[in-house]
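Taking the form predicted on its own, here's one chain by itself in structure tokens.
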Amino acid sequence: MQKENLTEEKEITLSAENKTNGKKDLLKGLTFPELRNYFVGKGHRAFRGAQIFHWMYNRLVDDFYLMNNLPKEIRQQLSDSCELKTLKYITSEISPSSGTKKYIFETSEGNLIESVIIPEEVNLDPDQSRFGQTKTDEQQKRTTLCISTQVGCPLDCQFCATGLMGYKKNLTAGEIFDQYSLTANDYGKDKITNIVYMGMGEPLLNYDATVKSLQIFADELTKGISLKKITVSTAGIAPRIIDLADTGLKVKIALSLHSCFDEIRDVIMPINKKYSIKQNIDSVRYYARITGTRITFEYVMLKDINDRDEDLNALKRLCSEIPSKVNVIPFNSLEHMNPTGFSAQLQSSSKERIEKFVEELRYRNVTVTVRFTQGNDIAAACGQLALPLTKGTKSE
């Protein structure tokens, strides 16, 4: 449980994002200390904050009237003055080939976001034996929820559909957590074993809300997904990687690397012009040292762009310097976005070339997983998430 501020009884001032239409206080997204202080400030006993926290984040309840250990009069007061819901379920779709399930939710402003349930995080190709991969018992039981942190994304990575759809806003901590709450209530809380912050948006450009949501998951009252089962994926916001290391939240981190050369990364990931490969490698090296966790390097395989021998050799050298593993990802089609320019020219490396990468890396004792396409038949595969920014409109 978070310990800060527990002895200081004060009323917290709710930010604008924790108000609904200027009328009700939005409690979803508040941490345990914030909830405790909120109820103390309203004249309630401090333990009411713990009760509400447990109902929201452990029991995943969004109706005060179902909180049966609260007196009826308090339930009525809370229902009149507070709100718990941040997202509205719109629709969902299941891939008949893989069981991947994509959810579409709407924020209170009418913005649309996607979350995806992946029955297995390590996806295996029918020719999996060629890559030395077999399904372990752990992988058979693993079900991963991929959640979003922004409406759209401002980074414009050329291989990512979300980058092509534009950017609208950051999600609140409540909206980030509610993707877990709503999908867990539908799909089954006990079935979701892992969470990845790899959906729409760059988590570390929405740093405060991302950290706040992680603090909620980390609290002992939540008792849901352990931080050991949560991964935050970043395109490379070097200063924030260091900040995240210093929070003490030992969440796993994945760096969307995709090239070890600045001149290539500048083209496929424009954020590299602001935070270079060296800055990001220095930051993840620091992260690994401070947290004691192993870094994941995500590597989308792009034909004739980052699959050359010099790319392979550079990746080998990098992995020898940092405790790490490589997640190799064949490029998934962006045809559903009708891309133009450079994005329209991208192709996935051949299976033979991917096999060469995997074999060479493993020969150097690098742990490698190959995340073959899963959910592409419903545009839910890695790099394919994209929607109109607002229901009924075209993407900006």
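Just so it is clear, the structure is predicted and the values come from calculations on it, not from any experiment. A residue's number is simply how far along the shown sequence it sits, counting from 1.
FYI, the form predicted in complex with S-adenosyl-L-homocysteine (SAH) isn't displayed, but the following is about it.
- Taking Glu120, Glu83, Asp311, Glu298 one by one, only a single residue has any non-hydrogen atom within 4.5 Å of S-adenosyl-L-homocysteine (SAH) in the predicted complex, and it is Glu298.
- Only one of Tyr103, Tyr180, Tyr287, Phe159 comes within 4.5 Å of S-adenosyl-L-homocysteine (SAH) in the predicted complex through a heavy atom, and that residue is Phe159.
- In the predicted complex, no heavy atom of Val61 sits within 4.5 Å of S-adenosyl-L-homocysteine (SAH).
- Residue contact with S-adenosyl-L-homocysteine (SAH) in the predicted complex: Thr234 places a heavy atom within 4.5 Å of it.
- Although the partner is absent here, Gly199 lies within 4.5 Å of S-adenosyl-L-homocysteine (SAH) in the predicted complex, judged by heavy atoms.
- The closest heavy atom approach of Asn332 to S-adenosyl-L-homocysteine (SAH) in the predicted complex falls within 4.5 Å.
- With respect to S-adenosyl-L-homocysteine (SAH) in the predicted complex, the three residues Gly29, Lys189 and Lys229 uniformly fall beyond 4.5 angstroms at the level of their nearest heavy atom.
- Shown alone, this chain has one stretch from 92 to 100, 274 to 282, 252 to 260, 105 to 113 that lies within 4.5 Å of S-adenosyl-L-homocysteine (SAH) in the predicted complex by heavy atoms: 252 to 260.
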